[in-house]
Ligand SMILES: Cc1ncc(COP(=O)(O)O)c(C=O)c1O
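Here you get one chain, nothing else, as structure tokens; it is the form predicted alone.
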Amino acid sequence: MIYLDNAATTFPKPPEVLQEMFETYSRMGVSPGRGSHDLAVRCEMYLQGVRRQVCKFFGGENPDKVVFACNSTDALNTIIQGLAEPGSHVVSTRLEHNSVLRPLHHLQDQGVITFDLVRFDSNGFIDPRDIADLIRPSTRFVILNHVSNVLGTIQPVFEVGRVCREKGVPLVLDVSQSAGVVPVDMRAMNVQAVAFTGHKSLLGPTGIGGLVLAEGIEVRPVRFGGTGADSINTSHPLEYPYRLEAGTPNILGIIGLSAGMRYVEREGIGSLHGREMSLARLLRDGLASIDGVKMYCAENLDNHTGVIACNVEGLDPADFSAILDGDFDIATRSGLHCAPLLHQDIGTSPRGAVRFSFGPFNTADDVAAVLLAVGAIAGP
């Protein structure tokens, strides 16, 4: 199979990541901080080491402000609900994934917040000035998708960060699609919180992600339970990271996250991004030569990741993807990609589009096979 659904989950994983998961978990797959025996202590020390690794990777300040979660959706719910206050206002964009849109709509439906969404231009980018225009005295935070999961456009975070710094409003960044292929430096970008997942370009397993918080931003706990510390107290502890973590952490996932991040650092983010973009440009140029194929925001692939969204004229995107899979053994993703407002704005709602997304193990031969397949599907 030719796998081109890496924006959903990268596959396959590097063999060394899977090997490290097996070997390390075999040695110390116990609950960290839930006992005084040697294995529990070793596991807790390992966990703290990964917090330091994640903090450094994202340009954070304090490893204790690294909070593990199940994935980006879990992390985004934690930060959005933990920052929202009655009567507050939030600014976001129409590029966002439902992991941001749905929590915002839920809080608005409950009468807790109001929010405004910035539009993007015909190339798939927002204008930081539009963010500035929407910030008001009651704005609690700005939340932004660093890279669109549909279009692959890298948003101007440095400029948005400057706007937020000038306005005194925290910036929350969803790096689900950027972590591992685009550098993320919280301090340089003036980002107060990063929500990440491990199973995409960080090359870890599913079921692990988290938050990295800057100093000075305080997030209310939204879940409560065991932390292995201060157990006599029936109130949830307020010190980080336990403030936002409850229950036994996903040690196997954390091992895989650590191994995947080391793989990315060894290969180099710039190198991985460059390889994927060379394939994306090959695909874009080839699709442009096939009659009946329409691509979205792909005319200029500067400031992009390796994602191309397209349709074939007269063919439902679900059928297009199914034919690629069934007849040509090419895996893609069709539909709205959990980004319904984006598809409304590019004119592909309600059926969506077919997304090709590259990973570190795709090749030029994969692109050649896709172009042959799409050429056959689009027909003479």
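We number the residues from 1 along the sequence you see. Quick caveat, the model's predicted, so the values are computed rather than measured.
We do not show the form predicted in complex with the named molecule, though everything after this point is about it.
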(request) With the named molecule left out of view, choose which of N71, T139, N190, S92 has a non-hydrogen atom within 4.5 angstroms of it in the predicted bound form. (result) N71
(request) Name the single residue among Q155, N250, T78, S99 that comes within 4.5 Å of the named molecule in the predicted bound form, judging by heavy atoms. (result) S99
(request) Find out whether any non-hydrogen atom of S176 is located within 4.5 angstroms of the named molecule in the predicted bound form, and reply yes or no. (result) yes
(message) in the predicted bound form, is there a heavy atom of the named molecule that lies within 4.5 Å of any heavy atom of H304, even though the partner is absent here?
(response) no
(message) My question is simply whether S201 lines the interface with the named molecule in the predicted bound form - judged by any non-hydrogen atom within 4.5 Å.
(response) no
(message) With the partner left out here, check for me: in the predicted bound form, does some heavy atom of V160 sit within 4.5 Å of the named molecule?
(response) no
(message) If contact means a heavy atom within 4.5 Å, which one of 141-149, 255-263, 224-232, 288-296 is the stretch that engages the named molecule in the predicted bound form?
(response) 141-149
(request) Note that the named molecule is not shown here; using its position in the predicted bound form, name the residues of 1-24 with a heavy atom within 4.5 Å of it, in sequence order. (result) A7
